[in-house]
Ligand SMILES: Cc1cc2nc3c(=O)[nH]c(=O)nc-3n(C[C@H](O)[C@H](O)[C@H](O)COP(=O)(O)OP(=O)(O)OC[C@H]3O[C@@H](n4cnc5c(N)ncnc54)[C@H](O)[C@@H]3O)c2cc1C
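Here's a solo chain for you in structure tokens, the form predicted on its own.
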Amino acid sequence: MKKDRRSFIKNSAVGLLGSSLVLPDQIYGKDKILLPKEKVNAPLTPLEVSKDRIIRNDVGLRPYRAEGFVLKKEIEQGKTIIHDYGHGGGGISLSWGTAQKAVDLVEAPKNTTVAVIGCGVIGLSTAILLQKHGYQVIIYTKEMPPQTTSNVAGGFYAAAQAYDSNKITQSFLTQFNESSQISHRIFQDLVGERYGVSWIKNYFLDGDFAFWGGKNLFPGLKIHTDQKLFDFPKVQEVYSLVIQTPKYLQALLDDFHLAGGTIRIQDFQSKEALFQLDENVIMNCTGLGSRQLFNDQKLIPSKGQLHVLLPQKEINYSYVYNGGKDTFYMFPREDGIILGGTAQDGVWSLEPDEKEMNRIFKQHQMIADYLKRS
């Protein structure tokens, strides 16, 4: 994917390749839920909402397809090309699941060298699973972490803004749900400091969250209708996973290298350039870059904008209001408090939108003010 890095504010062992990865015959096993111990009825500390606490603004272009992600195999000029792109706002959440399904399409003999195009979360997940299945892997990429779009993703586990429910098929929805289950199960085994994956108590403020991928991915459901915590008539309390994307992607890079993987910096301007590679199996994980490489005009950018505040260690909860253009969310990470969110379809600019910033801060201030009065 083409991306202007200047538009962003700059800022062990191979555990994943060992027993922590779930083998194909295990991926539908019962979830292992390890929830943190908390004080009963502990009050929620209000967030310190102030623009002078901003440490960076992150803007990225999600690779969005209204019909959902592309996961398919095709043969052209003697090359097997397996596509896995177009995840919209669900790239991290779906990553292991669609990667597993893409790897299942590979029919080459073990120890064959496979090319992976792209080094974001989809490319790295695919590369690691290929290694796990006995293949040699070369990643070809224009950008490496921390310069990929995946690095500026929020990392809250929910495959949001991944498709238009009016334009998908039942077969796609089945594939989406299966991928969500696979991915979530693998993320559970990565909880801990090394990968930057953790559980958090979350509140869905709109009271009608769709539970994308299955309700079991959001355990501990409680319904609040007394407005004691938030000024909303119905709030769904659950536990959710949060992935600290910079730390997580670096850990995946380390795992890939420790397992003998190779990375080559290369920018492919056309599909024909891919056919010049020595490898006969090519995994296309280029995200928005697939629009140009494979002329997928249904693939469009969906601009996402995050504002990261100074860490506030007493914030041990998150919340999401899923309201279309009025969507906003907050969750704490080790590197700061993540405030969002936007989804501006068809917008290619990587500059922060001040109008959207003001909207986001106004909504979070409203939440903080209510918690102060509680």
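Residue numbers run from 1 along the displayed sequence. These figures come from a predicted structure and were not determined experimentally.
We do not show the form predicted in complex with the ligand, though everything after this point is about it.
Engineer: Just one of 283, 217, 128, 121 has a heavy atom within 4.5 angstroms of the ligand in the predicted bound form, so which one?
Structural biologist: None of the other options qualify; the answer is 121.
Engineer: Though the ligand is not shown, can you say which of 267, 278, 76, 107 has a heavy atom within 4.5 Å of it in the predicted bound form?
Structural biologist: When the ligand is considered in the predicted bound form, the option within 4.5 Å is 267.
Engineer: Can you work out whether residue 101 and the ligand are in contact in the predicted bound form, taking contact to mean some heavy atom pair no more than 4.5 Å apart?
Structural biologist: No, residue 101 is distant from the partner.
Engineer: Taking 4.5 angstroms as the cut-off for heavy atoms, does residue 306 touch the ligand in the predicted bound form?
Structural biologist: Yes.
Engineer: Answer yes if any heavy atom of residue 143 is within 4.5 Å of a heavy atom of the ligand in the predicted bound form; otherwise answer no.
Structural biologist: Looking in the predicted bound form, residue contacts with the ligand include residue 143, since a heavy atom lies within 4.5 Å.
Engineer: Examine residue 328 and determine whether its closest non-hydrogen atom to the ligand in the predicted bound form is within 4.5 angstroms.
Structural biologist: No.
Engineer: Heavy atoms within 4.5 Å of the ligand in the predicted bound form: which stretch among 284-292, 128-136, 169-177, 217-225?
Structural biologist: Of the options given, it is 284-292.
Engineer: Under the 4.5 Å heavy atom criterion, name the residues of 152-170 that approach the ligand in the predicted bound form, in sequence order.
Structural biologist: Contacts from 152-170: 152, 153, 154, 155, 156, 158.
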